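Shown below, as structure tokens, is a lone chain in the form predicted alone; questions about how it binds or moves come after it.
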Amino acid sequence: MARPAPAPSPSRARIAAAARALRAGRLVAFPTETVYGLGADATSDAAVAAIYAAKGRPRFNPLIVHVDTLAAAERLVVFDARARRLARRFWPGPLTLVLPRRARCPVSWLASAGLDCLAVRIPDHDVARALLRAAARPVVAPSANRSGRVSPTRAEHVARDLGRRVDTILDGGASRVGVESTVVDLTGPRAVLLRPGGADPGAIEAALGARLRRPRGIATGPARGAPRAPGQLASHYAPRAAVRLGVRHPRPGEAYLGFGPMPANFAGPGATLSARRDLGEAAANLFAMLRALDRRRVTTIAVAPIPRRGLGLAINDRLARAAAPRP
């Protein structure tokens, strides 16, 4: 069996040029282990505003700040013992912590939607961390796609969605994890799981020695209270086609996104997230396969049931939001 081709890696010169673009207030898309991020200088109001404009993102929806070291994060937010424990266990990696802003935090208030807390993480990707080191400042980086649409896991997804809205796209190959980071709010006495993602909630609870609280509702906008982190809107990660969940037998004319072997005698457009029912493989394939089926111009994508354990929690969360009524 042939080995997969190695992921492309931008040159040092290209990363340095991208860092200069960030410092000049321009937008740079770059790979992380979760999905591709659309980066901007987190300390610049104008640069952060450019992200909202490029994505068509609601300004009440906060952004995640990416840094390359724990020391850099500590200059922005206040860590307690719980936060330090999780940072030591999961960083760099697909875990975002929502923590209180420091009094002199230089990050634009627009990035946190005016809240007194900030979402921060250290990405586990060599290109992302090289860019952060070269930029020498915190970088806000939501997923590099139009707001509410399917997140990008390859450089070509970014180019297709955002085109000339981005100054530079750094190509680091396909995203390894394929779904966004898990988001945990530590601003109160009990840790709250705001968004399941690439870090297993069970492992987070084991590290904390306590259960995570799950919020009851999903934020829909200012009328329901501002979200405290990205990915909490009811309709999000959505293809153009409607999405129907928990389907074992697709209807005629539907595209089918399976989990395990495809249904016998199915003749329509389709793909399986993982023929061997591996949740890690399914998470890595989710957004790319949704995009591929959406390009078939079908009206509905039917999706097989996905187990609700481990990464399956994140996959089901993204699919539920993709299937939610569109605003």
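Counting begins at 1, following the sequence as shown. Quick caveat, the model's predicted, so the values are computed rather than measured.
The discussion below concerns the form predicted together with ligand TXA, not included here.
Chemist: Please tell me which of 158, 255, 150, 98 lies within 4.5 Å of ligand TXA in the model of the complex, judged by heavy atoms.
Modeler: So the residue touching ligand TXA in the model of the complex, by this definition, is 98.
Chemist: By the heavy atom within 4.5 Å rule, which residue out of 170, 194, 132, 107 makes contact with ligand TXA in the model of the complex?
Modeler: Selected residue: 194.
Chemist: For the interface check, one of 204-212, 77-85, 239-247, 114-122 should have non-hydrogen atoms within 4.5 Å of ligand TXA in the model of the complex; which one?
Modeler: Of the options, only 114-122 has residues within 4.5 Å of the partner.
Chemist: I'd like to know whether residue 43 contacts ligand TXA in the model of the complex, with contact meaning heavy atoms within 4.5 angstroms.
Modeler: Taking the distances in the model of the complex, the answer for residue 43 is no, it never comes within 4.5 Å of ligand TXA.
Chemist: Would residue 141 sit within 4.5 Å of ligand TXA in the model of the complex, counting heavy atoms only?
Modeler: Taking the distances in the model of the complex, the answer for residue 141 is yes, it comes within 4.5 Å of ligand TXA.
Chemist: Though only this chain appears here, would residue 183 touch ligand TXA in the model of the complex if you measure heavy atom gaps against 4.5 Å?
Modeler: Yes.
Chemist: Mark residue 285 yes when one of its heavy atoms lies within 4.5 Å of a heavy atom of ligand TXA in the model of the complex, and no otherwise.
Modeler: Judged by the heavy-atom cut-off of 4.5 Å, residue 285 is well away from ligand TXA in the model of the complex.
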